[in-house]
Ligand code: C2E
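A lone chain, given as structure tokens: the form predicted on its own.
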């Protein structure tokens, strides 16, 4: 038995050396820790084999070999601990424990080497075994040896705890990886304790040391990874989102994973369905000799279309003989749908479902490039749509736009293309013969009856441009349809307008006017004209300042054209500032000439309050020029007062505080005249000429006019009536008590020179 044990230890040593050579040839994880562990096991086995073979008459070598064996067990469990950490990826929080363990192992090693001289750790004595018929060394342990055993068992316990922890927490497929390690380490410890407890002649646990090292090499680097790989591959295939049908060389389906079964949801044998699918595929691709074929296909599943990418692959051995084949099915339904959605969003307006601006342009170009009949561009716009959003909210506004888009689709012909350009502006390209003006207009008016907005009257404008040049830029066509809308915008009596070349000429003229405005101001091409205001005594008491543009080349430009143009462009405030300053300068000049009883009335437009600090501007004029502030009358129209009452009233209070008189112009032309008078502290009321025009209800008109004048007197306001053209009107107004008059009966607007020549003579 003794000889058998020695031979076994020698064989195990050679096997371990072979394992080291094998491990060093392979590129594997944890190789370093495995190699260290096996080398330590080799050293431990050699030391113990040498110890039991030393003759009984050689005590010192026996003590030395036994000491090496015990110190080797220290380092064996140290490297087992290091392997455990590397294998399980569970490391100490810091390097300090490893350094402490290394220090203790080194101290223990020195102690065992010194023991050959001191005998403080163990003693050896010769004993005889009658059954084995041999003498053997019996190790008599000393109390300090207990520290060595505690140290070794604690390190082994660490490895056992780590492997147990991993065994509990990892998935089932990894339990074999850690369980086999745990069992073998526990077996080594158990045998070692058993040998010590039974006071055995030999330490049989050395055999398990070597066996453990060999087993670790096999399990850690070969068997466990291979089996894990098989399990993981199997799990990956089964749980993969890629469907898989696998076939043998005869076309029989041998495997189908979960994804494939779900994709080919059939009642019955899924393998039969897979074989049928293969047969159909081979028939379709019988002329394609490639081993790998990819194809996009669609499948119907529960009434839904599935987009899949099919990859077919044949497998052959080294001699080209067919081993089998497989299908891989990638469900791309979501990807395809996402792409379609993105493509839709890139070409369509999400809210209305109509084309967006860019797609509309390309579609119009495509249709017109092959058109053999005339087309027209139809655009629509809602008046004051921003107000709808403010009053009823953006959600209601969106519902109106969606309803409008739906109506446009219904009213359009199949050869038409429609788009939402932006906000509430829509455009449709439609064959001219299919555009029905009445039908289109009636369809648009349906929204006003839909009840989306209760009290707000939606008014649609439709602009139509008959396309004469199909090569014209699309947005030029659109702009021309919009020009047609702009020509009637603001009118509730009209809703459809057709583009005419005159509209373009008007736009061009507006652009020219705006382009020349800065230079005209700089060169003082704008002139202040005055229309006299006559008191009921017949004396001239002032004049209204009116602006005239006298162009050096074009001559007189109509104020009926350039004033609305400047208002629309937001430039009127600059012209008003210019006229205000001219009036203040002229009043200063008149004061020096002794004509300080004359006043000039200047207009304040609605836009001035948006672009200027009106109060600040007139305060600056009062500081810059020496004139009687009361002589510069500030006219503001009744309609302007209605637009932003709070802000304008605040400004008027400021102007009053400076000393200016406020004059309400065009009184009677609006809808809230009487209600306005109670809130606005005005000084002068200028009655609109509408009351002097001929009417069937002349008596009613006279009664209203008479009462307005009477009421103004009671409010302490001076009354001036404009538009007076006949002596009868003058007599009529004087009978009612009107204070002042202005109109062609007395004088037309005239230049400053003509005014001063006419009224300053003498």
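All figures in this text were calculated on a predicted structure; none of them were measured in a lab. Numbering follows the first chain given and starts at 1.
Note that the form predicted in complex with the named molecule isn't included here; everything after this is about it.
K.L.:
Want to guess which of 720-728, 59-67, 704-712, 42-50 is within 4.5 Å of the named molecule in the model of the complex, heavy atoms only?
P.N.:
Contact-bearing stretch, as computed: 720-728.
K.L.:
Any chance residue 521 has a heavy atom within 4.5 Å of the named molecule in the model of the complex?
P.N.:
Flag for residue 521 set to no.
K.L.:
Contact between residue 365 and the named molecule in the model of the complex at 4.5 Å, heavy atoms?
P.N.:
No.
K.L.:
Looking in the model of the complex, any heavy atom of residue 665 within 4.5 Å of the named molecule?
P.N.:
Yes.
K.L.:
May I ask you to state whether residue 547 is within 4.5 Å of the named molecule in the model of the complex, using heavy atom distances?
P.N.:
It does: once the named molecule is placed as it appears in the model of the complex, residue 547 has a heavy atom within 4.5 Å of it.
K.L.:
Could you spot which one of 680, 187, 214, 579 gets a heavy atom to within 4.5 Å of the named molecule in the model of the complex?
P.N.:
Checked against the cut-off, the match is 579.
K.L.:
Exactly one residue in 328, 84, 331, 531 has a non-hydrogen atom within 4.5 Å of the named molecule in the model of the complex; which is it?
P.N.:
Of 328, 84, 331, 531, the residue with a heavy atom within 4.5 Å of the named molecule in the model of the complex is 531.
K.L.:
Only counting heavy atoms and a 4.5 Å limit, does any residue of 65-87 reach the named molecule in the model of the complex, and if so which ones?
P.N.:
Read in sequence order, no residue approaches the named molecule (within 4.5 Å, in the model of the complex).
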